[in-house]
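Given as structure tokens, the chain that follows is alone and in the form predicted on its own.
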């Protein structure tokens, strides 16, 4: 009810203050860490083209989302904006006629013969892409321009490895090795692993990584469809990963209820050797400890039957207002914004991974290159043809928390999910 009241108030304010026709490209965003960089790029673009672009920051993210929804209700969206949330949220804006299909623009070659789409990481486009047949009944096309990419691997501290007598260039590749490394770290008085598992999306991400590794993508998706039971041994093995963490004292006790920001502080201040976090952490860790020596790794595989995957794809994306009077100018600006030099500038200023493939050649920071190499291993629920119901996912996440504190077994969680499913 509170959110509805806020949305109505904002709708009245936006409607009452409808903007007159202006001679600049308007962009609304929520990214406080990029505000200065955006303003600098707007100046560069004006000097280069004569077209003025104005970025307007509305933060925090919930406030931004409320403003966007209110503006959509009054048909007062800016030329360029973003939609936060899941893919169904983007689909609702598209089906309401608020978002331009960029497919034709994406295919058009530039003076070098390259199309816009060719310059971007394919995985970055997927989150804004709808195929011919989709559950949201959205017309096939690409509806957004990714301005950065992200992935969520595991991280390890090189200095702590050396202190425990481990090779800092050789992280554990298998689950058994991870347990062995953990014992050596503990013998050296070093905490092994922490993550912000109080934010259950991190638990969900890691659990699905191992589900894909143990069972393969199709079997996991068939579980969502109801064709494979959660009582299947593959799911029991998936949940056993977390039981092993508890049994071998690999995870800090506070991780189960810890928010990710606190877990980032633990890793940045070298109180733990391993963490599970996304590529956005580069900027976070730089602020907390500029001298931190760490690297990325795939989660150690439990099974040799299937490859290990991690969540990843587009980080933030901009959409073009389908009804904007300056739609073509907005598209041209986004094409320029996602070109290699501008992407390298954004990456240097904000430590986010660029969505432009060629810009990697212009980036020198080793950890960003390290993260970018993990993009070949990514997947994400937003690109799966089917996803699990929210209540099942939430029950899985809470059940894994219970496993981590010894209140539930993997078999008990698997059977509970099967009962909920049916």
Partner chain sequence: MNRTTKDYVKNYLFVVPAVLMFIVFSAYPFYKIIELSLVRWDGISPVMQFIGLDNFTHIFTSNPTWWLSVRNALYVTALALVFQNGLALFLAYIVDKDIKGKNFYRTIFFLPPILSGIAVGIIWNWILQGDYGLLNQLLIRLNLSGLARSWMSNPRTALTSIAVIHMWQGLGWGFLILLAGLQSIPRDIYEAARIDGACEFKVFTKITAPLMIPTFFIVSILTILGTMRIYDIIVATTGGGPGYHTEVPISRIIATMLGSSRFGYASAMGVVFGLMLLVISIIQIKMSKKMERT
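Each form is matched to the other, and the largest set of C-alpha atoms that superpose within 1.5 Å is called the rigid core. Residue numbers count along the first chain shown, from 1. Because the structure is predicted, anything quoted here is derived from the model rather than measured.
Beyond the structure shown, there is the form predicted together with the partner chain, which is absent from this document and is the topic of what follows.
- Between the options 225, 88, 108, 139, the residue in contact with the partner chain in the predicted complex by a heavy atom within 4.5 angstroms is 88.
- This chain lacks the partner; the member of 303, 101, 92, 231 within 4.5 angstroms of the partner chain in the predicted complex by a non-hydrogen atom is 92.
- The three marked residues, 307, 414 and 419, fail to reach the partner chain in the predicted complex, with no heavy atom of any inside 4.5 Å.
- Of the heavy atoms in residue 253, some are within 4.5 Å of the partner chain in the predicted complex.
- Remark: residue 50 does not count among the residues lining the partner chain in the predicted complex, judged by a heavy atom distance of 4.5 Å or less.
- In the predicted complex, the partner chain lies within 4.5 Å of some heavy atom of residue 198.
- When the partner chain is considered in the predicted complex, residue 65 lines it closely, a heavy atom lying within 4.5 Å.
- The chain is drawn here without the partner chain; in the predicted complex, the stretch among 212-220, 128-136, 266-274, 326-334 whose residues come within 4.5 Å of it by any heavy atom is 266-274.
- Contacts between stretch 396-422 and the partner chain, counted in the predicted complex as any heavy atom lying within 4.5 Å, involve 398, 401, 402, 405, 407, 416, listed in sequence order.
- Once the cores line up, the CA of residue 218 ends up less than 2 angstroms apart between this form and the one not shown.
- After superposing the rigid core, the C-alpha of residue 85 moves by 2 Å or more between this form and the one not shown.
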